[in-house]
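Just one chain follows, in the form predicted alone, and it is written as structure tokens.
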């Protein structure tokens, strides 16, 4: 399995949305600035995420994107699948025709690894990621560097998020 930038960026952008979405819809420009991801690339990713009902768009002034369901209900495997990434580690894309139409000697090993990876990523929700101290710390650093919320007490925001206020 090779996770490309498409999958990595999609997970990063969705985590940004989960961390910062409690203040209302988040613009792709804000995510782009905080995460250093091209705005046009984010637009492509969010079209797929919206099509797969992981995000919803909000139009108009103050619009942007929000998660389409609770962040406890969205896992990393959902996000990777939504942007057409795969957790498949086989060379035959799981078909079992890797050696002249038949399974190769190590097909089952790589197929089992693929299942383990998928199971692992399915067990990690956006909520679980947002609760990690290191993730919160990086998010606050990114917010400070981007110049957002200068007039807001960042510590109060962290505490409010922790209490789900």
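Predicted model, so just to flag it, every value in this text is computed and none were measured. Residue numbers count along the first chain shown, from 1.
Here the subject shifts to the form predicted together with the DNA, a form of this protein not shown in this document.
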Each of 4, 43 and 57 having a non-hydrogen atom within 4.5 Å of the DNA in the predicted complex: is that the case here?
yes
Considering the DNA in the predicted complex, which of 52, 137, 68, 38 comes within 4.5 Å of it through any heavy atom?
38
Is there a heavy atom of residue 123 no more than 4.5 Å from a heavy atom of the DNA in the predicted complex?
no
Close approach of residue 106 to the DNA in the predicted complex, 4.5 Å, heavy atom
no
According to a 4.5 angstroms non-hydrogen atom cut-off, is residue 28 in contact with the DNA in the predicted complex?
yes
